[in-house]
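Single chain ahead, by itself, as structure tokens, in the form predicted on its own.
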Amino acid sequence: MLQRGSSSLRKRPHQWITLVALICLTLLATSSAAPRKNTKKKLPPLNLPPLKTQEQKMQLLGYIRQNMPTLRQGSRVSFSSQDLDKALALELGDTASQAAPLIDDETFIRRASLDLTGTLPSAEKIKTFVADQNSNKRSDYIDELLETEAYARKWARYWTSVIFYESEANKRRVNPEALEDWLAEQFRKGAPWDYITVMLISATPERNKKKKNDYGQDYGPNNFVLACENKSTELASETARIFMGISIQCAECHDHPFDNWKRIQFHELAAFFHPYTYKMPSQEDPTVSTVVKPRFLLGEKPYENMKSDARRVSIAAYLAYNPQNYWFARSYVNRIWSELIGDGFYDVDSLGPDGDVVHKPIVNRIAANFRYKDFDPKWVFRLIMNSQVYQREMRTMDSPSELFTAIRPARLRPDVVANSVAHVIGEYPQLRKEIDTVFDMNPSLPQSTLEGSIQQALLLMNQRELQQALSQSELKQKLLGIRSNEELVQSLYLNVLARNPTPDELQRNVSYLQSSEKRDEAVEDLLWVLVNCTEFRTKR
């Protein structure tokens, strides 16, 4: 964690304070509009303490964090889910009257469980929750889910997928499982998002020449850098995409065609990550290159004679702690909002001009409060999930003006589909692997662009292991032990779709059971039908 004070820090406080002062002064004094001074006066070497280990880096970043003005301001600011609903209603104007109705308790418990933990609630939990008369039960349930191991694991898996989905790194030189385990530990401990981010950005993995294929990948945080193959340009592009929500990669070759980013800015950002002198190739002649000094997107530049490790610490500081870098907090808020609501305020990792943001005052206000709340990831979940906008019914929306008047129908991610199947038949590792492959989807694409496939439908319909597991499942045996057809169908729906059947569904299923000569086969048929319905693999 980011902390003040340690034995090594106390040994040489003047050196650390010098560096902190330099970075903080740079953060406060520079901006995107700052003129570039071409001074020829050579700065003296900066005699810094070592910044080799993650502990040393985090000690320094902890000092910078303590001086962050917005964190001090946060204790006096509040922004509740009710405030969010009021602010959004003002933004929507007349469209707010077209908002979808709020969902019932059955729909809420399934939606909240899938969103936070990627798992279905048990039939017993659904019954208890629906019967509970406590007016705060939805809020209490959100708090309960946020403390589970499943929450930590689900969101660790999501961010690991975000980082690795388009990575072209050699698979022997990365370890996504180590990153997922480390992220799960951080979410379990309640680590703030800035801490997680600066650990990833400032990592400096080194190759162990004494051991084959050891690039430091078994240490979780190293894997963001390794997923980018430790390439300066890739690190610049992915840092902007994942942690700022900005699409800047095309500026590697030319000035951005739709935004203000210049080619030189991309290479100045890349220079932070280069171990030595960084050179930008000429557009006209690739054999010619120009030396480029590191400079952050808002104009900040590190002390000139910083070593490579210190430069990575400084870019982590500029990214997370510069109060003017509103993109950092906003990109996290926008991703979580997009995952929960089905639409983001903008495409999660491809923000062009700022004009592409819808309802900008809302996302900016949530992002500012996220910063005030110490970058607490759980605060964002609580804010959104306790709001009316999250607890509305689903429907498709055709125009941007309708956004956030309802929840967009969403396909479940592959690990969530696999969890739902395991909820019905138990755990089958090979089947889980197959579902992960067939239901694979880019976690950074908006739900409105995702489509199902024939392979997905065929897998649930015909996969041999799944069919055998359905016929031999404990759930089937449990259902066969219920003598009443009505009770059997109700238990079937609660266990597979996490809701009770409608009167029409109850009547049709009971009729089928009554008309079937073999009860065993009829129950198996009904299980198969529910596992193959669209509702089973989508958010309701």
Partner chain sequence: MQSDALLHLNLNRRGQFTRRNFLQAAALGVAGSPLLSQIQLNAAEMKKQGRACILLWLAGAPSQLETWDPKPGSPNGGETKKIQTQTPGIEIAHYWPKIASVMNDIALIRSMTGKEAAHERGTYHLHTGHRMLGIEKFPHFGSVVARELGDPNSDIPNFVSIGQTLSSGFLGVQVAPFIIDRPGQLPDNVTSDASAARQRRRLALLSQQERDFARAGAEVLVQEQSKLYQKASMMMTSPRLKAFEFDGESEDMQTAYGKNQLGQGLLVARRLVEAGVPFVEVRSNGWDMHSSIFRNMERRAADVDQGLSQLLTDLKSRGLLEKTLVLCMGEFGRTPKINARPPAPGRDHWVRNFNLLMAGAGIKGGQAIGKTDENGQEITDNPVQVEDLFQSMCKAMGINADMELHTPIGRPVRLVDGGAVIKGLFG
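Positions refer to the first chain, counted from 1. Everything numeric here is computed off the predicted structure, so don't read it as measured data.
The discussion below concerns the form predicted together with its partner chain, not included here.
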{"query": "One residue of 80, 467, 148, 289 in contact with its partner chain, assessed in the predicted bound form (non-hydrogen atom, 4.5 angstroms)", "finding": "467"}
{"query": "The single option of 277, 97, 135, 396 touching its partner chain in the predicted bound form, heavy atom within 4.5 Å", "finding": "396"}
{"query": "Contact stretch among 382-390, 443-451, 202-210, 262-270 - heavy atom within 4.5 Å of its partner chain in the predicted bound form", "finding": "443-451"}
{"query": "Contact flag, residue 323 vs its partner chain in the predicted bound form, heavy atom cut 4.5 Å", "finding": "no"}
{"query": "Residue 58, heavy atom within 4.5 angstroms of its partner chain in the predicted bound form", "finding": "no"}
{"query": "Interface membership of residue 362, its partner chain in the predicted bound form, 4.5 Å heavy atom rule", "finding": "no"}
{"query": "Partner contact for residue 115 in the predicted bound form: its partner chain, 4.5 angstroms, heavy atom", "finding": "no"}
{"query": "Within 448-462, the residues that have a heavy atom no more than 4.5 Å from its partner chain in the predicted bound form", "finding": "450, 451, 452, 453, 454, 455, 457, 458, 459, 460, 461, 462"}
